[in-house]
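Okay, here we've got a single chain as structure tokens, the form predicted alone, with questions on binding and movement later.
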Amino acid sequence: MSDTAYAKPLPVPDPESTPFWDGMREGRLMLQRCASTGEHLFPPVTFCPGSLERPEWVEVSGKGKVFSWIVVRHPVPRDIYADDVPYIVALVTLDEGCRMTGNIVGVAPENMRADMPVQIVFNRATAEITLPAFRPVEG
């Protein structure tokens, strides 16, 4: 996809989130992990909440289960998202323990269920930004 083809808002990586977005662009889900506690962290932070150490970046599986979700039926702003509704936004508990938001693709809203096993997919929006989403998998 070319840079001019994607007309929706995009995240702007900052020093804390750049390794996450670099991983997304490379087709790898990178999360932070506290070296002392082993806890995985998302969204990116400067310091681990418990130990106050700088977290390390690690590649994770991208597998998880749906914790909760909403079905967006009223696009806001309408001129940008009108062609996408209905779509599903979920909170996914990753196998590594932390939770991450993302759209769910490949399933009708009426077929969503709690604890649905999902796997990350990488949606290339521009040359610099690849957005995360999740799709159902057999589990």
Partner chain sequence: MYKLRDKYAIAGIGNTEYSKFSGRTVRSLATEACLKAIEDAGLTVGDIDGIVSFNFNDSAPAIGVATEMGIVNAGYAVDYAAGGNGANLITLAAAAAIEAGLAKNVVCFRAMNGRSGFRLGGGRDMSAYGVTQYTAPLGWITYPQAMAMWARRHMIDYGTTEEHWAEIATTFRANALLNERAMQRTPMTKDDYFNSRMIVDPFRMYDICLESDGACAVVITSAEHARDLRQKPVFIMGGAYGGGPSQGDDLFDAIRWPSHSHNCFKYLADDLWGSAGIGPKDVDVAEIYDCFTYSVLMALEGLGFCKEGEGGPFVMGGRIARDGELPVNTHGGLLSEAYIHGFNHVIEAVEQLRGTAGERQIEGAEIALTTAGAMTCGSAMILRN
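Just so we're clear, the structure is a prediction, and the values are computed from it rather than from any experiment. Positions refer to the first chain, counted from 1.
Omitted from view is the form predicted together with the partner chain, to which the following refers.
> Does residue 31 reach the partner chain in the model of the complex if we count a contact as any heavy atom within 4.5 Å?
No.
> Using 4.5 Å between non-hydrogen atoms, is residue 135 touching the partner chain in the model of the complex?
Looking in the model of the complex, residue contacts with the partner chain do not include residue 135, since no heavy atom lies within 4.5 Å.
> Should residue 121 be classed as touching the partner chain in the model of the complex when contacts are defined as heavy atoms within 4.5 Å?
No.
> With the cut-off set at 4.5 Å between non-hydrogen atoms, does residue 17 touch the partner chain in the model of the complex?
Yes, residue 17 sits close enough to the partner chain in the model of the complex that at least one of its heavy atoms falls within 4.5 Å.
> Could you spot which one of 111, 51, 68, 61 gets a heavy atom to within 4.5 Å of the partner chain in the model of the complex?
So the residue touching the partner chain in the model of the complex, by this definition, is 68.
> What are the residues of 69-97, in order along the chain, with a heavy atom within 4.5 Å of the partner chain in the model of the complex?
The stretch 69-97, when checked against the partner chain in the model of the complex, contributes 69, 70, 71, 72, 73, 74, 76, 77, 79, 80, 81, 87, 89, 90, 91 at the 4.5 Å heavy-atom cut-off.
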